[in-house]
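In the block that follows, a single chain appears as structure tokens, in the form predicted alone.
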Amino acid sequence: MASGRLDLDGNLIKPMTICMIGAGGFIGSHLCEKLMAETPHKVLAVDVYSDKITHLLEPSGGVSSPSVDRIQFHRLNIKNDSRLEGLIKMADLTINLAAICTPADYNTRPLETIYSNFIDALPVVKYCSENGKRLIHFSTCEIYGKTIGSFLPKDSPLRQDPAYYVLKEDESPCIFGPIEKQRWSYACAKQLIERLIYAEGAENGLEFTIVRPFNWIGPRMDFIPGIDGPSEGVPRVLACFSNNLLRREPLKLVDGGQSQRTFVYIKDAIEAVLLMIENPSRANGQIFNVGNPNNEVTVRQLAEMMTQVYSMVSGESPLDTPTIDVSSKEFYGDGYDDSDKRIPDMTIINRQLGWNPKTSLWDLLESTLTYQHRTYAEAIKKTTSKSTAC
């Protein structure tokens, strides 16, 4: 762990206590690792699950890691738990990562999606504002909805103009589908909590930073159905495709996989978050896109790349038919709608924090699928053989 570390303005970084809500999840676990390995900060880790951070909480081989004394796990659900305000009061900074953020849930559990992402987040914002505590709130790139370009004629040359599809924090509108398209329940809830946080800053002086992740992927993302998560349910695209590859099943491309996305490696993204944590003078009052515009592909191209990378990692030959097309109604049910492109403008984060992503899509897929194969392949083989025997 480094000592005498300086911020971007050359000032000594003082140790702080961070209340991290959702610390046991994908992003939270990587952020906890980063904080424990490279900083002197303490973490009050709040979540209902601790599986992904157990290695930080417990001694290994009878020997306590240096981080054990700097991270405390508090098992609680932030819904109506009286302990939450006390934890926020104890901390210098609160980071809220808690969310329902799986597209399959937006249609099937729209009420829970709205409550999780707006109602349950309200006390966190309130406690931070009332107690004079800084807040880093995790939002989503879904906040932008559809691009302006998606409403132009398909043969319009303006569709190729970045002004019509690159998403800017301070300029781009948030364009959602009709109310009956419940897929937008998540984005609308996230937009409203963003507006409330911004209003708390304007009216009551809340010090805040809003993070809009653009498809952060890497080890420990999501669950593999029936192995380390429920048998039912559909995880996000990377884990969904990983599950298919591990089971030697064709990857399902929703509506042909024509939507375009950018992907950024979790370790790159966590570097950006650490800069936000340790440079409040540059991060307060800011909304940051965090993504990698250089890693842009269609979902179909992502499936093709993952098939190639997994074959290299596992030594297994690809299936004769590696992908199949399915309709969004068949895959997600009624009420699904999608955004066409999600390309982040990176001007603000580069100007304020000097951050740029480093890892290519091929390299981050190789790292992630190596982890997926090493972690899940044998378990899936055993599950598959049992099913066959029955």
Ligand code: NAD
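If you're wondering where the values come from, they're calculated on a predicted model, not measured in any experiment. Just count from 1 along the sequence shown to find any residue number.
Missing here is the form predicted together with this ligand; even so, the following discussion is about that form.
Remark: residue 48 counts among the residues lining this ligand in the model of the complex, judged by a heavy atom distance of 4.5 Å or less. Mapping the unseen interface onto this chain, residue 186 counts among the residues with a heavy atom inside 4.5 Å of this ligand in the model of the complex. Remark: residue 168 does not count among the residues lining this ligand in the model of the complex, judged by a heavy atom distance of 4.5 Å or less.
Among residues of the shown chain, residue 243 is not one whose heavy atoms approach this ligand to within 4.5 Å in the model of the complex. For the options 98, 283, 302, 128, the residue carrying a heavy atom within 4.5 angstroms of this ligand in the model of the complex is 98. Only one of 89, 252, 248, 236 comes within 4.5 Å of this ligand in the model of the complex through a heavy atom, and that residue is 236. With the partner omitted here, the stretch from 202-210, 159-167, 173-181, 74-82 that lies within 4.5 Å of this ligand by heavy atoms in the model of the complex is 74-82.
Residues are counted as partner-facing when one of their heavy atoms sits within 4.5 Å of this ligand in the model of the complex; in 144-183 not one qualifies.
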